[in-house]
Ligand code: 5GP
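The form predicted alone is given below as one chain in structure tokens.
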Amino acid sequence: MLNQDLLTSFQKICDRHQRFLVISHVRPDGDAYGSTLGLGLCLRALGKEVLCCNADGLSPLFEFLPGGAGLVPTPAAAPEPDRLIIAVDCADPKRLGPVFDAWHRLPDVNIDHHISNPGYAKLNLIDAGSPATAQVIYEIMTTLEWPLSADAAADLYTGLMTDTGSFRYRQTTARSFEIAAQLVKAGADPTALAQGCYQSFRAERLFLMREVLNRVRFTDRNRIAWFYISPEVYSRSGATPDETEGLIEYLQAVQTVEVAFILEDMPDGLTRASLRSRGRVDVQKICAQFGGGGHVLAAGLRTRLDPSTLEKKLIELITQQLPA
């Protein structure tokens, strides 16, 4: 939970500023988009001028989110000095994207739930016990008694729903269900939002899934599972990188799998890895060795190691934590 002094400081900052910029990490997921848009709508309800942006713009997968049409790619020019920058759901400022990095300006406020977040802003509102940044934002809003519209509730509900795996992941708390109920009371439609997130895929995502499932590999008595997405996989399936969201859950569904991970080539020459754990392995600790981060049960990294080398290192590190 956030202490009252931090919340009071945030309220004072918001009172002093009229213009805001809300931004989240590259390759945004439901919590990144939901938190960005939900907070943006709340600030606008307070009479503020708000620009919501992201290095990748708005993914077609999340076009159903209220306020999404107003989210733009990160502007090349740095914002005006009087525009307060709020980073949400981003444990590392480098993950705000190369355009943001070229501004040579750190965020003024950092709202997050990742345990690996070092607190890089002037004011840091980090609750590592929360399963989603959307939940952190809801707690901030209600404590400060900010207005909550139906549209903002829908955005925050989406962030909470997706980062808890539809309320299935271990980090989900009783408070998460209480907040979900309050968001529904405020106007969020759980059926429509679930359909938007999970039942509105293009056929190309199914083709991508076919490619991926044909390449799943197992080791250590099927306790470790992974797959590698090459550029050729995207070419054959016609899918886009944001359509990989959720595919790792098919590996986690296997009863014996303790850790699952995805490897992917990135356009900048780096290799990206996303890891998920059933609980016995701290994947955040593993990713931290490569400069990445996240949570004990879900973490990620980017490295200059090639996929084959990274694969071997990850398997070695995972095996070290698994019981014999």
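Don't overthink the numbering: it's just position in the shown sequence, from 1. Computed from a predicted structure; not experimentally measured.
Another form, the form predicted in complex with guanosine-5'-monophosphate (5GP), is not on view; read the next lines as being about it.
Of the candidate stretches 87-95, 144-152, 102-110, 197-205, only 87-95 has residues with heavy atoms within 4.5 Å of guanosine-5'-monophosphate (5GP) in the predicted bound form. Shown without its partner, this chain lists Cys42, Cys52, Ala299, Leu65 as candidates; in the predicted bound form, only Ala299 has a non-hydrogen atom within 4.5 angstroms of guanosine-5'-monophosphate (5GP). Although the partner is absent from this view, Arg223 stays clear of guanosine-5'-monophosphate (5GP) in the predicted bound form, with no non-hydrogen atom inside 4.5 angstroms. Although the partner is absent here, Ser59 sits far enough away that none of its heavy atoms falls within 4.5 Å of guanosine-5'-monophosphate (5GP) in the predicted bound form.
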